[in-house]
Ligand code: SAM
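Heads up, the chain below is alone and in the form predicted on its own; it's given as structure tokens.
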């Protein structure tokens, strides 16, 4: 990894700017620059891309993204305490880092970015899933981004890549795998972070497909999967009876046994049911 000249170690930055991680902001800082470089590399070739980073904190991953050749980084940071530390990185990389003090859940970052765009972030634990769902459910597909390389709690990462029949399999797996290739590319122990969380973390890399894997109406698919997994222990004919009065016939027409449970049905089956209900 190329280093950015003149920047102090992250522990010194945190001391100098008094940046203790705040639990209410879901902060766990990753200070090992070898690890942040590895995450940046997991996002692929960044040299021709703008990169959106959410929750940069003191800027460990930000440094990695710039050192790995990102054309430009847009960093969205809610915690104003982190801005002076990020300003030091911006000064060391003129014209390549823009920092916005805002809430990523409400800011539309697209106006600040030029395609191609990749999203790379060590997401704050308390909003990670909500941000991911937003990126996976835009009004139009393909989305504004090419790929997502995101850190989550390991349990959430496992839900994103889960296969039918497993306990982790549910709406998040279907949402991600309908429109993306998803894989876990790194697992990190608690001690990699400051402060150390109680759980392992994992980095998931999602690549946007040009079109969904199987045809289906997004709104109907969302309704069906919500109803099915909200009562995942029930047979589908019971769990989905509120969706259509003749749900048993619809399930059979889609090639699904009415007595099956949600976690047994692959993505293709749910898409077939959504088409049948449309």
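Note that the coordinates shown come from a computational prediction; the quantities given were computed from them, not determined experimentally. Numbering follows the first chain given and starts at 1.
Separately, the form predicted together with this ligand exists; it is not shown, and the next lines address it.
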Note to self: If contact means a heavy atom within 4.5 Å, which one of 179 to 187, 202 to 210, 96 to 104, 109 to 117 is the stretch that engages this ligand in the model of the complex?
What the structure shows: 96 to 104
Note to self: I'd like to know if residue 123 sits close to this ligand in the model of the complex, meaning any non-hydrogen atom pair within 4.5 angstroms.
What the structure shows: yes
Item checked: in the model of the complex, residue 29 touching this ligand (heavy atom, 4.5 Å) -> yes
Next item on the list: Find out whether any non-hydrogen atom of residue 76 is located within 4.5 angstroms of this ligand in the model of the complex, and reply yes or no.
Entry: yes
Check: Hey, in the model of the complex, does residue 64 get a heavy atom within 4.5 angstroms of this ligand?
Finding: no
Next item on the list: Sort through 224, 236, 54, 43 and report the residue having a heavy atom within 4.5 Å of this ligand in the model of the complex.
Entry: 54
